[in-house]
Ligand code: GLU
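Quick setup: one chain, the form predicted alone, written in structure tokens, and binding and motion questions come after.
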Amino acid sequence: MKTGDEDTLVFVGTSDLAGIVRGKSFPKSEWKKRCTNGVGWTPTNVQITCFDSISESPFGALGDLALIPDPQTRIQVDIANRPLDFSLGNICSLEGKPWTFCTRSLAQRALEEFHHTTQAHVLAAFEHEFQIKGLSPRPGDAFGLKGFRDAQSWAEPLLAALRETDCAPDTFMKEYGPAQYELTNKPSSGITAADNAVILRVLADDIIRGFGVTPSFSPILNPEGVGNGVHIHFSFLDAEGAPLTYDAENPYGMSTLTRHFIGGLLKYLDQILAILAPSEISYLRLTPHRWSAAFNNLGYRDREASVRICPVSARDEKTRAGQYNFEIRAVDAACSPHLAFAALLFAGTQGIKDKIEPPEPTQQDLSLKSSQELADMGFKRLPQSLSEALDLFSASDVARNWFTDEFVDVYVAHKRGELAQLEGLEWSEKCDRYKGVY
């Protein structure tokens, strides 16, 4: 039987508080109508955890919303004769206003505030690490050719599919850990950067599974294993597209805009960590000597720093300015890319407004320092559990100002409900639960 537009389905999704893409589908023939009216959505859906339990909700069975597709995000790819027609959307009231808990609307609001404050534009890219579940480790294959060849059969179709979207691939490699890989995409402007992170995860899961193996973007697959991070790279442009991130006069290359943005990130990092690293097991990864992030420090070519100034290879100053960027390393794929993007932008913009200077970049092992020595240097140990991070987020006046009291309270309740699903489990069992989700 031949399938027509009235039978072909388009899926519109939202990356929710759990970092899961949820949504509804509708016939392709209704695309134009749905781009105006959307599809029905339920407020209490916001409290569905990554384990499909429902946390305490202020909405109960009441209320109606609309999930409205954004045509700019629509992708249409043919995956092994299984076409995927997909778009991201915004959750709105029935009157068309952004809903308080729509992660994409929050990211758009944060971008607008950044631009209003600076007149600059954000260029960003999300760098993902993930592992293939259930494969026996290959000894001696960290960054190796053998592991790359194991993956080439699915990596090339994945990169080809990404190339059909706005999520242009950049590099792919076998990472350090067992069956661990890193996939980067080229930077994009504004909200497209976070959209692309969602699209990359959707396509990676769909395509890799078609080759008989299963990827996991979970923060860590077992307590003794390597972590899987998400590094979010930032740079800034003016209205004509000229770079604003670099200043040759600064010893580390940071422009005033960059310094103050990073200053805000580091000052408020502990208060937004519950959004960036939002799972119970995220904090197994965020420990010293895991090449992740354990302190609110700025690093110059230091992969143990929460924020790292990335190296550039250009010799001339003009090209160097275009390449110059920094990355935030205290993030993992249990987060919603839109929500993480919003949190980082809010913190960085606050740093710009308040002219916050970052501490001097570190080039030493901060885990050897006492709490007092760290404080004297302007550093602190980041939260060591999700519960601790949620307490700081809940108590943060600036976070409540950025996100609203209502959002903070609902987010904390969401995550407390998620933690309740893990009570009594060993750490290895907790890792297994998350491994099955992400």
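Residues carry their position along the shown sequence, with the first being 1. Everything numeric in this text was worked out from a predicted model, so none of it was measured.
Separately, the form predicted in complex with glutamic acid (GLU) exists; it is not shown, and the next lines address it.
Comment: glutamic acid (GLU) is not present in this chain, but in the predicted complex one of Ser87, Asn228, Thr349, Ser336 has a heavy atom within 4.5 Å of it, namely Asn228. Of the listed positions (Lys174, Arg104, Arg201, Arg329), a single one reaches within 4.5 angstroms of glutamic acid (GLU) by any non-hydrogen atom in the predicted complex, namely Arg329. The stretch in contact with glutamic acid (GLU) in the predicted complex, judged by heavy atoms within 4.5 Å, is 289-297, chosen from 362-370, 336-344, 115-123, 289-297. Glutamic acid (GLU) is not shown here, and in the predicted complex it never comes within 4.5 Å of any heavy atom of His260. Glutamic acid (GLU) in the predicted complex is not approached by Asp206, whose heavy atoms all lie more than 4.5 angstroms from it. Residue contact with glutamic acid (GLU) in the predicted complex: Arg303 places a heavy atom within 4.5 Å of it.
Residue contact with glutamic acid (GLU) in the predicted complex: Gln180 places a heavy atom within 4.5 Å of it.
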